[in-house]
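Structure 1 and structure 2, given next as structure tokens, are two forms of the same protein chain, each shown alone.
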Structure 1
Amino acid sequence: MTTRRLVLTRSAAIVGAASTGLLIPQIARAQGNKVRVGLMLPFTGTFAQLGVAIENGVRMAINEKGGKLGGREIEWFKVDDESEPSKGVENASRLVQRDKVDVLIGTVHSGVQMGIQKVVRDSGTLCIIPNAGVHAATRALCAPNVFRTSFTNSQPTLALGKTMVDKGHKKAVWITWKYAAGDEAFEGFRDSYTKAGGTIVKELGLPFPNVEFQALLTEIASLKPDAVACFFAGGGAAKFIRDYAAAGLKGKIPLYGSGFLTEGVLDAAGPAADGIITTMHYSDALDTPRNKQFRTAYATQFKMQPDVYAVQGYDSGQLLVQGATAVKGDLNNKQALYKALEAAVIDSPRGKWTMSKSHNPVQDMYLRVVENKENKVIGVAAKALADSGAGCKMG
């Protein structure tokens, strides 16, 4: 990370150059040497491991192609966004205005992404979103310079409704945390489930990140739906899964969810997770040569197993490499760069995917069931699924 002292020294050099009339050539030359890549990710706090996995994936994809972007060396700039929305604008501005990055890769937390979105829309800096699923980023606040390599919050659940109705579950209860990601995940479930002929008998919610599920589980038991669908993630998801089983609902009322319900929590959830069915754009157990090759290479390099976040980071790196190669390293050739990114076909461990008109992945959603601490793939819930991009006007 650039220290304050280095920044001051650089500023002094620029002021000195200005007095000799060398300012413009010096700055132009500095920009011409290396591509400046900014990583704005959580490296501390709840989502720290996600930030690490994404960075690992980005670097791995670029290193596989020789460690350069369009023939140019890379200078990296890192900011820990701490998953703190109130610092989003300030942190993104540091990378864009102080460090003059050519591309900003970030972030995980949707609230922080809204801050990044403001800064990159105002500045025109290329931004690649490696996780945050907030709808606005590729809907109402979409922009020609913003591309997402992950998902929208409603994409996984958009593949869930038909699956449940096909299994004979005509009446369902929905339960989630009441915050943006939960609300947006509900949109996908509501639209797909009602379209397939299902009826949502009750929506249940509790404030994020509250994990006192008991009263709501009692209510589910009394409602006796055919199935329950939900959106939870992380430690809260593991507790929900355990509490669901402890309340006597496991085995009686099938549990379904957005894939994040069972991502990275199966050790903590234990046997209570067995039988849960989820829809997701990736599974560790995806039985393809591409995924096996990726998983082996990642584990060898980083001495840890990759997850969906590592895959999204990897695909962010792949996308950037394709774009930079197309413009021979000239990231200032924005029209050609955006055209290349829009036309990219990403050969991902999750399966090949393309960009939608609103710059969000058009991708397969897999049907997965938990068996013995593994998300086993049992089919494709939806082929080439696109987010609606509603309200997106490029310009």
Structure 2
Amino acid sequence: MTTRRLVLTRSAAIVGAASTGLLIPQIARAQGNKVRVGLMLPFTGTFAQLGVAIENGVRMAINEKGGKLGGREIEWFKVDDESEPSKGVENASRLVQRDKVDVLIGTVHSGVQMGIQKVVRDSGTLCIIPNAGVHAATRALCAPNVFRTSFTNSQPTLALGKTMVDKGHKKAVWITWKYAAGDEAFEGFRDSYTKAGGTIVKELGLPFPNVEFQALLTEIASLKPDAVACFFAGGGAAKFIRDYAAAGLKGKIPLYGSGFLTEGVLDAAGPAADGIITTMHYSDALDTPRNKQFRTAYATQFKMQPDVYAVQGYDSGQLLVQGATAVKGDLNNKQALYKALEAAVIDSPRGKWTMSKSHNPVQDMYLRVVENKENKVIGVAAKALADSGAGCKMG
């Protein structure tokens, strides 16, 4: 009772002080504190280069706007999540509980994202997902404080099936890592391919992040499908492309994929990647002033070429800047902050995009082919594609 009375008395005093303007210096001081930004990304393992590209992109977008968020300086906190789902909750808790970040930007791996989702749903911490496509994050487990700047796992492959059938490939084999990203990419492929009249003759898989593809490639050779479709990414994708060619399949059975297959790996994959057709919400070769300006600035700053991950990181930074500016740096003004993030129009190198009701990008999907170490655009596979957001109830 004593404690409660004390609290009541104190809050009454605060109301009084606020109405007389006495609190203003205190609020100003709070806003003068640095914004605590947490990056939870893979910096080791098969997705290490994805983490680096995302961090580069985030920092670049914020630096372009003066390096501050709503007028406040930034303090950065970083965790290497190793793409290890079993450590997801623990790593996210380090940023949220120990470092008390105002925003957690993360991550790449869908399994790890589920750990982050649990922690930020419990704590209410603002979370921006710069890659991981796990459906639940913007479907059944969506939340007012979680925003994704990338895609859902089935978004790119929903644009893939019809293209393959249109090219005359009626029977396909699907191959992937068996975890949420691969399984959900399959959902998009299955729905679009079968709807267009194609038949999936076999689904093949191996555990993440295994790269022992040999036995599966031998099986593909004996199945003789019209085409192969897949989801792989990062270091594993480069090896899959090389092994596919080394097994003698390149040129015989056309290889298609969710576009991550050919992102950030074209130097490592070499000529083995030529001719691979993919669907994705970005292409290096998008012939727009916005994309060209982004690519030149990124290459100058980081001495490497940007890929879709860099773009997604960049858009996470852009989104955060827009939100923080709208609330003048007061990230505790959650209602206004979320409203601004929901209404954001992101002028992305991929093309302008907006947030769906469930907080996932509504975006175009490009059809691309690899030519000479570049993802060339050969068409738009889907216009303003939104994820269904099935089962998402905010609030």
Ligand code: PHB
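By rigid core we mean the largest C-alpha set that fits within 1.5 Å across both forms. Values in this document were obtained by computation on a predicted structure and should not be read as measured data. Residues are numbered by position in structure 1's sequence, first residue being 1.
Specify the structure that is the form predicted on its own; exactly one of the two qualifies. Pick structure 1 here.
So, does Ile241 move by 2 Å or more at the CA between structures 1 and 2, with the core held fixed? Ile241 C-alpha, core-superposed: shift of 2 Å or more.
How about Leu50 - superposed on the rigid core, does its CA move between structures 1 and 2 by 2 Å or more? Comparing the forms between structures 1 and 2, which are aligned on their rigid core, Leu50 does not shift its C-alpha by 2 Å or more.
Comparing between structures 1 and 2 on the rigid core, is the C-alpha shift at Tyr298 2 Å or larger? Superposed on the core, Tyr298 moves its C-alpha less than 2 Å between structures 1 and 2.
If I align on the rigid core, how far apart are the two C-alpha positions of Asp191 between structures 1 and 2? Answer in Å. So the C-alpha of Asp191 has moved 2.7 Å between structures 1 and 2.
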